[in-house]
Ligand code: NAD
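Only one chain is included here, represented as structure tokens and corresponding to the form predicted on its own.
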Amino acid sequence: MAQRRTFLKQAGLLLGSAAILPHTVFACNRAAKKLGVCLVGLGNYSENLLAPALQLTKHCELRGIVTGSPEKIPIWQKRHGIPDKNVYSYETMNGIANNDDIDVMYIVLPTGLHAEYAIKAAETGKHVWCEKPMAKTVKECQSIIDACTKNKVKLAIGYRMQHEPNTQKVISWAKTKPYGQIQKIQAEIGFNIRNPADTWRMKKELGGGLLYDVGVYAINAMRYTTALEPISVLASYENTRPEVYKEVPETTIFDFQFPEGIQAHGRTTGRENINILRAACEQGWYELSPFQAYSGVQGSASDGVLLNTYIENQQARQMDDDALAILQDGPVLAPGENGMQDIALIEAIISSAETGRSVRIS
């Protein structure tokens, strides 16, 4: 089926075990060189997750920063040993084109700024890693892909879950079907946010709300669990606290129809703690709960099989995998086309929720 082939191609699954378990495959052929990574944006995710993870990687290391906050520069230089020549502002980052210390620019900015700075990064001739969600619109996503193609650099989207071993097992089951044909998918993620901070994630233009922030995890999970692309969606919004959620919905519900009669129910919410991916099949079921977390991803199946493989750091695994793709000139696990498809589905969800009608997905 064309839609199955499309997803497999986007997700890199046609590479078989090399794509599903890249560390195992590449373990015997590791490159000695380490790639220099420059973090573009020094917010919480860079400071508390990516920078520490880069201390654990085998194939890349933190060598540069781009920031609009001068007060952060001495702190980062002292903590990570970054020389003055590898410190840039958003206005001077084009100078990275002439800096041989830096091989990769990792875009870690609010979603609404991804396209602008990912394109600037590509134009330096450096490889681009872009945090999820890829961008706010399909048009922006395509502009990033085009810029990377034009400048002959690799583009990887920061879908760390696709690098996580329990998730990779679920991805592999889309092909092997150990519990028979999938019939239903449930992918829900939410938090009991009593007093949500007025962050950029809750701004319509900069972040897009929970649908963009964590909804991409649910949408991407539906796609990699089935290895198919949905054909239609019916969505709706719920907002019990309009005084808090002024620009974006508190809850978004989205029900996809997939080929082969598969139904998929998704939800993002700021009203309830929930974090589950579940596949109901002809001969049993399997689930991950939590399916999206910085650590502790785990699950089980109807026959007692446990999904509880542990890794020390997801971000380190993600960045090492993407570094190896560059060093060995291979495909990345989560290319730009994969990220763009999730944004296309978000646009379909928004259209359906706003009109109250099912939206056909081409």
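These numbers come from a predicted model, not from an experiment. Note that residue numbering begins at 1 and tracks the sequence as displayed.
Just so it is clear, the following notes concern the form predicted together with nicotinamide-adenine-dinucleotide (NAD), a form of the same protein that is not shown.
Across the proposed site, G43, E131 and R160 without exception bring a heavy atom within 4.5 Å of nicotinamide-adenine-dinucleotide (NAD) in the model of the complex. nicotinamide-adenine-dinucleotide (NAD) in the model of the complex comes within 4.5 Å of no heavy atom belonging to G190.
P110 belongs to the set of residues with a heavy atom inside 4.5 Å of nicotinamide-adenine-dinucleotide (NAD) in the model of the complex. Not displayed here, nicotinamide-adenine-dinucleotide (NAD) is kept clear of K120 by more than 4.5 Å at the level of heavy atoms in the model of the complex. nicotinamide-adenine-dinucleotide (NAD) is not drawn, but in the model of the complex it has no heavy atom within 4.5 Å of Y224. When you look in the model of the complex, the only residue of K177, K184, K204, K72 with a non-hydrogen atom within 4.5 Å of nicotinamide-adenine-dinucleotide (NAD) is K72. For the options D213, E229, D103, E140, the residue carrying a heavy atom within 4.5 angstroms of nicotinamide-adenine-dinucleotide (NAD) in the model of the complex is D213. Note that among 300-308, 333-341, 35-43, 320-328, the stretch whose heavy atoms approach nicotinamide-adenine-dinucleotide (NAD) to within 4.5 Å in the model of the complex is 35-43. Taking nicotinamide-adenine-dinucleotide (NAD) as it sits in the model of the complex, the stretch 240-271 never comes within 4.5 angstroms of it through any non-hydrogen atom.
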